[in-house]
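The chain below stands alone, shown as structure tokens; this is the form predicted alone.
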Amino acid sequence: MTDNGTRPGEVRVRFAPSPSGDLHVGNIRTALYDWAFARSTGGTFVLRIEDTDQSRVKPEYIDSALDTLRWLGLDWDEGPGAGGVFGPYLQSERLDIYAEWAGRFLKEGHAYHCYCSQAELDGRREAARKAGGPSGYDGHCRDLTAAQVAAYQAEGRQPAVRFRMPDGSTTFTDLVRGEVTFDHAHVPDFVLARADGAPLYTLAVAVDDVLMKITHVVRGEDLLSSTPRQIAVYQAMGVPEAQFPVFAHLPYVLGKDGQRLSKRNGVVSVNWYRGQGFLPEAMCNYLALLGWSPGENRESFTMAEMASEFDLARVNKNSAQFDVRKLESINGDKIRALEPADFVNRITPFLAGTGLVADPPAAADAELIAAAAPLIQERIATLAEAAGMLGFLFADEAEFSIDEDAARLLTAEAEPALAAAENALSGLEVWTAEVIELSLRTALVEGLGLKPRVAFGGAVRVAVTGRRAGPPLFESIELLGRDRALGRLARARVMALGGDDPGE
């Protein structure tokens, strides 16, 4: 066996979400490591949807999960849409399989019928807690007599199927945490199937991992305590220990408060980050760093590089803190590294999403986007910022508005600079950024004695773009065009002198 815990032959690793909403950061970090492990070993990445609880896992959530994984580039070799010889890959389509195994466990004595009601279970657990004892299942139905069973059946009770946890302990080697031992005194008998026949996680996950020939289970630390239960089910299925899947439990992802990341202490939905304009390659790069590193203090890498270099032996057992600012930094770096045409393609949906252009944009708008994109590629950390940066170029003059905070710069003291800029630009015969810059420097810096920061970062910029900050001023004025630029300067002069905004 290698350092990665791989056996001779093909590695088969699975990602098995239960989508009850958007996939979250922790889900995707797990999926990413599963995918990278499969790719680095030349193995198979299996996607299995655990949807037995159909009150929570709905078709639209499953579709969203598949779309998110595709967006991130986490392609699967077997699973929904890809097929495979061990399907179906939705657990809701495998219920007969689970029912068959539950029946076998009952017949062979590995499980028994449990007639306890929820109220009875809760009451006994509370009594055990008050007495200072273990609060797990107390084995009440483990060895019922025929008379007791008949009495429960006469009451009309429908039994659950509960697994008979053997005495002793379970020891296994976790590829992240090393040797782990669970004393079965702390692993009470557990339910395999509810009274209505619905299988629970502990039955379905173990049966599927065996039947789908999964060799490695790479998942979050929160599922570590379920491992002895799964191993007990493998044993009951008759699987030789040498064929048990190898486990690797990943560290928690924490919020800024040091607690597990949740809606309470941070944004967890990956689709939210997608909507904010984070690149999929940036999300994967950053999430990979939450527990793993390629070494040599490298923080930036491609998916292909991760796929070739990933090693479970390099996964840290310590929890990692999710830092949005670090994600933004990596995202900005990835944006700057995009080819110009690719950058245009990526920002266009965000411009269309805010109504600035049509989807797809008209030819003139597409040409303007391509011309303006280089002005902001070095200046934004997320794609969503493109709409704010370039909105002034696409707004109808009747709808063009000046940001409330920026409008504070349009004072009476600023009116001479606006007038000088309007006068200087109105006489230009050539409308290029270079000529515009020379004209404005002559009028504002030399003529009025303004410092460049005031001349080009103040009222003139606000008049033209409606914001205090944005793309380079001279190139912006060139792209805006003579008539629109002069009209906005005239409008700003009116506002500076105390008049109402002519655009309102």
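The numbering used is simple: start at 1 and walk along the sequence shown. Quick caveat: nothing in here was measured; it's all calculated off a predicted structure.
What comes next is about the form predicted in complex with a small molecule, which does not appear here.
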Would you classify Ala307 as touching the small molecule in the predicted bound form, given a 4.5 Å non-hydrogen atom cut-off? no
Hey, in the predicted bound form, does Arg219 get a heavy atom within 4.5 angstroms of the small molecule? yes
Although the partner isn't part of this model, could you tell me whether Asp53 comes within 4.5 Å of the small molecule in the predicted bound form, counting any heavy atom of the residue? no
Does the small molecule come within 4.5 Å of any heavy atom of Tyr201 in the predicted bound form? yes
Interface segment, criterion being heavy atoms within 4.5 Å of the small molecule in the predicted bound form, picked from 82-90, 201-209, 281-289, 327-335: 201-209
Residue within 4.5 Å of the small molecule in the predicted bound form by heavy atom, from Ala352, Leu223, Ala195, Ala185, is Leu223
